[in-house]
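First, one chain by itself: the form predicted alone, in structure tokens.
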Amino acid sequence: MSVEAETALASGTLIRVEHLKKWFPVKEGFAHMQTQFLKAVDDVSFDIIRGETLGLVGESGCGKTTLGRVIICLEKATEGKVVFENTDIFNLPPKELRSFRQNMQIVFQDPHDSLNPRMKVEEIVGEPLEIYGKMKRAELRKRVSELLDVVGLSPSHARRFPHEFSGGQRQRIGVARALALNPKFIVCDEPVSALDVSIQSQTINLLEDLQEEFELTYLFISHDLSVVKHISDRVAVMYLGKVVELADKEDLYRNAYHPYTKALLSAVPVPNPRLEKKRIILEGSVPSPMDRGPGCCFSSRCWLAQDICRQEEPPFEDCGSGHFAACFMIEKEEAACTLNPDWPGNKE
């Protein structure tokens, strides 16, 4: 475990997610009758340690963004609870929840769509302050100038509209807005995926600097495993609405347990062709999130799957040293890798 993660662990848990579910009703037919549920998040449990960056990875449509939105109450959970500093936020009365939500903010994926094109930067960044701060106009403008300076923009930009900025600058405006109320926790929902590669590193460095300066805790959602490895302390891997593995980043990238994680890591490009790993090509069809059937959610594509995998759902258990995984075949995977050099998880 990294020094940063150990320090964060010593300071305790900030957020505890327990058996969280978010099911969307699916209505069909002329009468729009509800026929089934789309299980976007299905029985997810984990902790977020104070001061850490927890990376959340998985392919598109696996439920990463929905999970982040439910945690900060932008979506209403179907079941489960989220405990923030010993407060079950789902049970708070609406008035108390509105006040409590100052502690939780989000940086959206697309900086173009997340900023109101009819509002100036001063209004965008200052809107949370108007809602919660009850500041006078002069105080609000001073605070907005301070926030723009913190994220690397000029205070003179406050009078401009979003379309007058580049994508990277618009994302900085979104970060400034998220910082306005001095939150403790920020969901970063793929904050660099819509940016050029040259700008991505600047935004990542900005987020890291702000975390250190303001003692922030991040849930960093991304499909880019290289970015997640750089910024995260721990990494959670999500597949079809479930977290299938969670570990310290160094442990996960060096010694992944779950077959799906192994497949993801095998697809990460490396700069030296001589070090290229054997690519794991997943076969089989992806189950519908509305009807996955019994057993492990990955069993239809897993090269290790046995009868038990198709009949029972594997528990999400600690396999040692805080490395969690949901797989019946962990020990059999290790044995197969040793005995068979052509096993999909092995390097060439």
Partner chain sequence: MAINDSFWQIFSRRKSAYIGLFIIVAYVVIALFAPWIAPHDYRAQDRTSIMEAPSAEYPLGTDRVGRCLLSRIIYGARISLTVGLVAVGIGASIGLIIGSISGYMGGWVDRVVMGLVDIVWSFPTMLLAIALTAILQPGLHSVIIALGLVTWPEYARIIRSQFLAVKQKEFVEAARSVGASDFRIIRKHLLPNSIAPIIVVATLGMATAVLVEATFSYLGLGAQPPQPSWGSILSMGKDFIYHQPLMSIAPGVAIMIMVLGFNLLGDAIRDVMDPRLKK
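Not measured: the values here are computed from a predicted model. Numbering follows the first chain given and starts at 1.
What follows is about the form predicted together with the partner chain, which we do not show.
Distance criterion of 4.5 Å from any heavy atom to the partner chain in the predicted bound form singles out P128 from the list P183, G168, P155, P128. Here is the short version: of S114, Q202, Q211, T78, the single residue with a heavy atom within 4.5 Å of the partner chain in the predicted bound form is S114. Under a 4.5 angstroms non-hydrogen atom cutoff, the partner chain in the predicted bound form has R69 among its neighbouring residues.
Contact annotation: S145 falls outside 4.5 Å of the partner chain in the predicted bound form, judged by heavy atom distances. Under a 4.5 angstroms non-hydrogen atom cutoff, the partner chain in the predicted bound form lacks L207 among its neighbouring residues. Among heavy atoms of Q109, some come within 4.5 Å of the partner chain in the predicted bound form. Stretch 98-106 is the answer when you ask which of 214-222, 98-106, 252-260, 84-92 has residues with heavy atoms within 4.5 Å of the partner chain in the predicted bound form. The putative spot formed by M119, E123 and R159 is fully lined by the partner chain in the predicted bound form; each residue has a non-hydrogen atom within 4.5 angstroms of it. Residues of 209-226 that come within 4.5 Å of the partner chain in the predicted bound form, judged by any heavy atom, do not exist; none qualify.
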